[in-house]
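In C-alpha cells, one chain follows: the form predicted alone.
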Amino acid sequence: MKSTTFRIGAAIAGIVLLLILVGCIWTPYDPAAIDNSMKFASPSLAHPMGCDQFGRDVLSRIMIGGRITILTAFGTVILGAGLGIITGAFSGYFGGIIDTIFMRTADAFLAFPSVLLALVIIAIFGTGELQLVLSLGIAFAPSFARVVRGEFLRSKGLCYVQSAKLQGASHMRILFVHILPNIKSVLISALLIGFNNAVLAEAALSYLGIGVQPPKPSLGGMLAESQQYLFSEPLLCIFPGTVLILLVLGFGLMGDGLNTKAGEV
C-alpha cells in the first residue's frame, strides 16, 4: 500500500502528464504559428493561457514543450539508470579491483555538478535533444551506480543469495534474477528522483540556450524567452513555471513516499 505522500504526488504529476499526453494527439493551435494581431493577448476562452510576444498560443506551446521535457528526462533516466545499474551491480557484488576502478571513476564524475558535466559533454558533441539525453544520462549514471552498489553490498551476504550460490546459480543469474528484483523499491525511488532531477536539468540547460533548440518549445526555453517581459507580462513566466513546479513536486513527492514506505519495512 502506497503512502499518502506518494498518492498526493501521483495525483499532481498525473494532472500535468494528462495535459502533456493530450498534447501528443491534439493542441488548440499550432505551437509555432505566429499571429502578430495576438501579441501578448490576455487569457481568454480562445486562448486559456494567453499568447506570447509572437502571438503564439501559450497553452499549445506548454503541451508540446512539456512533452519534449518529459521525453528528454525519460531518455536521460533510461540511459543513466542502465549504465548505473550495471556498474553498481558489478561493483557491489564482486568488490575488489572491479569495485575500486568503477567507484573511483564514479567519484571523478561526481566531483562535478551534473549540469556542469553535461555542459562539458554538450560542448564536445554539440547541442540538440539527442546530445542532451546523452550528456545528462552520462552525468546521472554515477549517482545511480552509488545507490545500486550500496544495495548489492547489503544483499550479497543474505541467505537467499547464499542459497542460490549453493544451488549452482551463475553470477549473472544471481545479479539480475535474484538480487535486482529484491531492491526494486529502492530502485524505483531512485528512478523517480532521477527523473525529477532530469526534468530540472533539461529545463536549466534549455533556459541557458544549450538544450532544446528553437523553434521547438520547451519549458526552460519558454522561461528564458519570457524573462525580459517578467514585469510587463508576468503570466508568460508564471504558466510554464507553474507546470514545471507541479511536475517536479509531483515526482518528488512520489519518490519521498516510496522512501518513507521503504524505511517502515
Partner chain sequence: MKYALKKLAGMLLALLGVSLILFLAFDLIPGDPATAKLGTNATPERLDALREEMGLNDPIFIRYIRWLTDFIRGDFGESYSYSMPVREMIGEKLLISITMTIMAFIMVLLISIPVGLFCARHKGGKIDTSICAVGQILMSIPPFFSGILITLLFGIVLGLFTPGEFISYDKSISGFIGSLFFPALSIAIPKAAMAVKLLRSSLITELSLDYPRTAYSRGNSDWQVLLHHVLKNALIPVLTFFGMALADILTGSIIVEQVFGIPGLGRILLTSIMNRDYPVVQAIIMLLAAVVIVVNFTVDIIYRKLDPRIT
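Numbering follows the first chain given and starts at 1. All figures in this text were calculated on a predicted structure; none of them were measured in a lab.
What comes next is about the form predicted together with its partner chain, which does not appear here.
Q) Pick from 120, 134, 153, 86: which residue has any heavy atom within 4.5 angstroms of its partner chain in the model of the complex? A) In short, 120.
Q.
Please tell me which of 166, 97, 159, 111 lies within 4.5 Å of its partner chain in the model of the complex, judged by heavy atoms.
A. Only one listed residue qualifies here, and that residue is 111.
(Q) Does any part of residue 207 reach within 4.5 Å of its partner chain in the model of the complex? Heavy atoms only, please. (A) Residue 207: yes, in contact with its partner chain in the model of the complex.
Q. Do residue 26 and its partner chain share at least one heavy atom pair within 4.5 Å in the model of the complex?
A. Contact with its partner chain, no.
Q. If you check in the model of the complex, is residue 64 within 4.5 Å of its partner chain, heavy atoms only?
A. Looking in the model of the complex, residue contacts with its partner chain do not include residue 64, since no heavy atom lies within 4.5 Å.
Q. Do residue 227 and its partner chain share at least one heavy atom pair within 4.5 Å in the model of the complex?
A. Contact with its partner chain, yes.
Q) Residues in which of 47 to 55, 234 to 242, 26 to 34, 65 to 73 have heavy atoms within 4.5 Å of its partner chain in the model of the complex? A) Among the candidates, contact is made by 234 to 242.
Q.
Taking a heavy atom within 4.5 Å as contact, would all three of 14, 141 and 190 count as contacting its partner chain in the model of the complex?
A. Spot residues vs its partner chain: no contact at all.
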